[in-house]
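Structure 1 and structure 2 below are the same protein chain in two forms, each given by itself as structure tokens.
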Structure 1
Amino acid sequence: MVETISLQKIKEIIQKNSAEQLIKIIEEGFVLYAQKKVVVPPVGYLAFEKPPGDVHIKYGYIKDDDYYVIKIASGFYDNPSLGLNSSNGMMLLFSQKTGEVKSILLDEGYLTDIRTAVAGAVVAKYLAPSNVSCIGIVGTGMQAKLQLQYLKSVTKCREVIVWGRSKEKLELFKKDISLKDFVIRITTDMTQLTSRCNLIVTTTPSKKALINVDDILPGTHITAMGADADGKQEIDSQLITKADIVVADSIDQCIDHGDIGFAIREKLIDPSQIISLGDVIANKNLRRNNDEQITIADLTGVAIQDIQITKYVYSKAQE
């Protein structure tokens, strides 16, 4: 019988092992992806109206590897009223040599959250200014907290300003036990955040830009990870034109439905100006030269992240 790995077991594996290991495998994945050694077909998609929900099927494989991976990730937005998480899904690992299923990871969306947070840490590792004065987190959701947890591995800074619309959620964020290593201040005024933070991560489902071009400090790096579907936007298009370096996890996806897409459609930047995250990791000449440059990374989530984290959890489960 095929082995299924429960969410509890998956959480144990992720928590028992170091963040550095995850950062390493996700980095390696992005490099392979930028080098076109990964096959990632278009994402499969289902949408539901009553109740509202959607399903993404991301799948692919590293060429000449042993496995292929299919991820099913759903969001059903009325679930919390039933006492259920919005997110659900699983990761499936198959042999690239025979088609046999090797493992079914019943992660219920957890590994998508983790690999997304890890990608944020990878970006900060290569693009943040050398001296991070304060980390700015835009949004108060679960991904906002996970971003901070994984940033611990790549910056010494423990000063945080969190922006949110809801004072109640901000207060809960500040008290979150998983973030006890940080000194957290909260605000509903974005300029409070932009005037002090030079490493900013946006994690909201916003449909209009939240950060103004004129407000940010020289040397700031911004990671935008909320805009993962058509119509979502967190970053002012003008800000993208002001950036010295614009990076995308997947250039194609970011043009199609990321923050970068808005700037492209407004003809403010040319697609040729966008650098693939994997190339930034592999080539230090593509990173910032000094601590005055503004850098932006747009993350939409790529199947290579799912492939890498699935293989990782499977290998650890065998130990």
Structure 2
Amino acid sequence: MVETISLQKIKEIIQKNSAEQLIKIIEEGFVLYAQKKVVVPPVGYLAFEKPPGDVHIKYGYIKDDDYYVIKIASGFYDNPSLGLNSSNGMMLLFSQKTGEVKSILLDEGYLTDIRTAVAGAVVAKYLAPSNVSCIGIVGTGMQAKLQLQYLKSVTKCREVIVWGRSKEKLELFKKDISLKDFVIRITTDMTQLTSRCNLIVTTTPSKKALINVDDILPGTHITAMGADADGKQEIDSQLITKADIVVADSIDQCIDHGDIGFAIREKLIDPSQIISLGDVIANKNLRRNNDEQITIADLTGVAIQDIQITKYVYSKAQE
């Protein structure tokens, strides 16, 4: 029989095991991906207008592994007004040897949220300045909160400024008990964030650049993860040209529909200037070498993350 793993069981597994374990498996996945040991076809994508939403279908496998994975994840952005989570979906685990369905993980988008947050921690581990004075979080949704929770594993900084458009959502964010370890200030003025924070994470579905080229401090690292579909943009294209190091989780994906893609289409940077995240993890010479460098990582989400976290949860469920 096919094993079905419930959301409750998935959460128990994730919460019982350490962030460091998740960081390790996601790191390993990015390195394998950069080494071209992973087969990842182009992302399947559905866009909806009424109500606004999107669905990503990501799938792939590690060569000579036991499994392959298909992930379906949706985001419908009016859902919170209906009392529903904006994210939903499932992970499907198959045998790479026989094609049999081994497990259905009814995660409702939870594992996508977790593996995305873990990727943010991975990026900060290798690219953030050695002395993080203040963390800037752009956005007030679930991913914004998860980013902070996983950043605890890779930085000692607990000072945070959060930007959002809604004062009500900002106030709720500030009061969230899961973030009690942080000292959180809130603002609707982006320059208050960019003028004080040297580690910034953007988590919105914006279709207009939110951070401008002249606003950031020397030595700032930015992890941009909201532009995961065509038309979405959080970072000024000129800012990408200003960066000393530009990193992508998937160079092809980021050129196609990430923040980097805008700079490429405007001929502001050349694709050869982009470094794969897996190569940064594997080669310390590709990381920042001082705290004055500006670094940007564009994360569009890669199927290897889904493969790794699905296999991890399935293996823990068998114990």
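Rigid core: the largest C-alpha set superposing within 1.5 Å between the two forms. Residue positions are counted from 1 along structure 1's sequence. Everything numeric in this text was worked out from a predicted model, so none of it was measured.
The first of the two structures is the form predicted in complex with a further copy of the same chain. With the core held fixed, Leu84 shows a CA shift of 2 Å or greater between the two structures. For Leu46, the CA shift between the two structures after superposing the rigid core equals 3.7 Å.
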